[in-house]
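Next comes just one chain, in C-alpha cells: the form predicted on its own.
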C-alpha cells in the first residue's frame, strides 16, 4: 500500500511562514523526490477496493463474474457523477431564463404551487404586462410585480478562479483588440477581474460580479496576502532579501514588510509574499536593488491557490472559499 502522505505546500498557505523574518531553506535529509511516487501500484489499488471495473458482487474469486468481462447489457447502471457535475456547472454559468413560478419562489414571494395560483389569477406582471400562462420563462433583469408590488431582486453572485496564461490582458475589453481574460471564461454573467496582473505575469486571478468583496480584497487596509514566485536574472543575495523583507523605498513610498524565501535549489527563484498590491510592485522592488524579473507567477491570492489548475484553466470557487474571502474582509455571510 502506498504510504506516501501529501506534504503541505508552503505556497498554498502563506500564513504558515508569514510570521517570521526571511530565511533560506535547505533540503531535508529525509527529502524524497516525487518521482518515487509517480508510478501506480496496481496491486495495492485492487486490494484497497479501487473501482477499476464493473462487478455486481464483492471482489472475490468465488464471484462467478471474477475474471470475466461483462457485456454492455450486463453492466450495472452507474451514476455518472462527473457528467452531472459538469451539467450543474453549465447551468450555473449559463444564467439561462427560468420559469416564472421559480423566480417568484426564489424571491421568497410564495411557493411554486402558490405562485402558479397567483399567475393564473392575473396577479403577476412581467415588464408591465399581465402573464396568466404557466411555464413562461423570465430573464434575471425582467421587472416582475405581484399585485403591483415589485418582487425582491435576486442578485446572484458568482466567483471564478483563473490560472492566467501569459500574453493575456487582464481587462474586460482591450482597445487594441488583444485577447483578454474575458475571452477565456465562458459565462453569461457580467464579471470583472479583481485587481490586475501584467500581460506577462501568470497565475491566480479572481473574477466576480461581487463589487463589495472585490473592493475590500484590493484595499490595503485589509492586508490581503499575495504570494508570487519570481525568476530573476541573477542569484538573490541574502542581504538583499533582508532589505526586501523590511521594506524598500520606492517612488510612492516604502513598501510594507513582507516574506522573502530564496529557493533552496535555484537561488534565482524567489518566493515573495506581499500584503499591499501596488502596481508592478514585485518588479519595482527588484529593480530598485539591481535585479530584473524574467518570469513572475502568482501562486496564491487571498489564501486561494491555483495549485491544481493548468495554465488557462478556471473553476468556480467553492462556498467554503467564498466564505473565507468574506471573513478576511469582514463581510457577513
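Positions refer to the first chain, counted from 1. This structure is a prediction, so every number in the text was calculated from the model and none was measured.
The same protein also has a form predicted in complex with uracil (URA), omitted here; what follows describes it.
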Of 183, 198, 174, 106, the one that lies within 4.5 Å of uracil (URA) in the predicted bound form (heavy atoms): 198
Checked 280, 288, 268, 294 for heavy atoms within 4.5 Å of uracil (URA) in the predicted bound form; positive is 280
Report yes if any heavy atom of residue 228 sits within 4.5 Å of a heavy atom of uracil (URA) in the predicted bound form; otherwise report no. yes
Within 4.5 Å of uracil (URA) in the predicted bound form by heavy atoms, the stretch out of 251-259, 214-222, 198-206, 141-149 is 198-206
